[in-house]
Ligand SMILES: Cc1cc2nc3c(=O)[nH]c(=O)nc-3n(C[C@H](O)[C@H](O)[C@H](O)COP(=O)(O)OP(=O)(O)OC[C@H]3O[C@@H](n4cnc5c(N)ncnc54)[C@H](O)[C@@H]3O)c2cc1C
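Take a look at this single chain in structure tokens; it is the form predicted alone.
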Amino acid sequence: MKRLVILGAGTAGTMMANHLHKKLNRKEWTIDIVDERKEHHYQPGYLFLPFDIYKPDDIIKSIKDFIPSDVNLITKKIDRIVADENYIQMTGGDQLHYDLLIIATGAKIAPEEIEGMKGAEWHKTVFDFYTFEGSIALRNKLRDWQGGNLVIHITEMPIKCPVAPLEFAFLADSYFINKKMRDKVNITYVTPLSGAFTKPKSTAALEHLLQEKNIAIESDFAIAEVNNENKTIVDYGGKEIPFDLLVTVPTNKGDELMERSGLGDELNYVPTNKETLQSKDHANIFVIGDATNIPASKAGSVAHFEAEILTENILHYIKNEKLSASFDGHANCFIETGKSKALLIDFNYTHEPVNGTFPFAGVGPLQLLKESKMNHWGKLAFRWIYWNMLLKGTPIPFVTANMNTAGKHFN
């Protein structure tokens, strides 16, 4: 018997387990999936926890509930991957040999990368919302916060869900309006980019919303430190921005396992062919989701589309065929803009977010790059889709892995 091992039972790893257990000849292949955690978190839900829109029970379920019964779930910590000898060294000393490996170990925040970020004010006046612990701590803070300077800050790109910091700013505006204290809160959005978003067309569509909501923007800000004593963030040019409450997105990095294994780049992301999702260094290793270094968004929709492409290429690889399936960087994301409205963006490696309709040409019902209540409900409905379809490898009707250009305007 040959063995396929999946590292990580998050979004991407779970989807691959569900895809492949149906496709592989189980008389020839066993499938193991390894993760030290027991809980699966719906990470897009972290955005909603601070504002009491979601509760913890809405976003946390058991990992084992989503792993097929004929896939072996191993709940252990991994020490390193010994790629040249095709085995996984477990922390307890056990070795897990593989014929084919899928790395789906994701990304995580690294606040320690910035001086003072994880200092005396961490989870007191300096918060993240990219972890469950950070989101809950921030929720508790916001419930009693009396106002002042709220600074929403991005350290550097790439980050998981690049639109989430903007969504946080928009939701904060609505939150404080509903609490009848918006006049007591100054909101500043601080980014290392030259505009509000990574894509110029999206920036054009989003920056006017910042102005309308009286959210100041500070661009091209390369943070050097968080000064806990003075409660300021300082960039390398010496510019300081004061805060009473700092909500920051720290540096995002791949799992430390990649550094220990000698497989990652300077941020622990695995060098990956952006079209085939095969490791650039080891033919029998494939990489998916946030663990890759490909120039696509680190978002759940991307992992979903990658999973369909990667499943095809795994089957090609096993049959010694050319890896013909090609991922085009497709991503689509709902962007909460507050007041029960949202935008929807759709793009890939070669096309910036476009105008038009989704998923049906000329019909929609969703509009791209336009605020609507329909998009907001689409965003909220995605949680059900995530638990009941996406994780289980069920195709989402009318949504293709590669970007469909019908009904979209590219000028």
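Predicted model only: the values in this text are computed from it and were never measured. A residue's number is simply how far along the shown sequence it sits, counting from 1.
The discussion below concerns the form predicted together with the ligand, not included here.
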(request) From the candidate stretches 185-193, 157-165, 143-151, 209-217, select the single one in contact with the ligand in the predicted bound form, where contact means a heavy atom within 4.5 Å. (result) 157-165
(request) Evaluate Ala104 for contact with the ligand in the predicted bound form, applying a 4.5 angstroms cut-off between non-hydrogen atoms, and reply yes or no. (result) yes
(message) Can you work out whether Lys379 and the ligand are in contact in the predicted bound form, taking contact to mean some heavy atom pair no more than 4.5 Å apart?
(response) yes
(message) Residue-level contact is defined here as any heavy atom of the residue lying within 4.5 Å of the ligand in the predicted bound form; does Ile78 satisfy this criterion?
(response) yes
(message) Although the partner isn't part of this model, could you tell me whether Val126 comes within 4.5 Å of the ligand in the predicted bound form, counting any heavy atom of the residue?
(response) no
(message) Please tell me which of Lys64, Lys55, Arg37, Lys373 lies within 4.5 Å of the ligand in the predicted bound form, judged by heavy atoms.
(response) Arg37
(request) Go through 296-310 residue by residue and record those having a heavy atom within 4.5 Å of the ligand in the predicted bound form; state none if no residue qualifies. (result) Lys298, Ala299, Gly300, Ser301
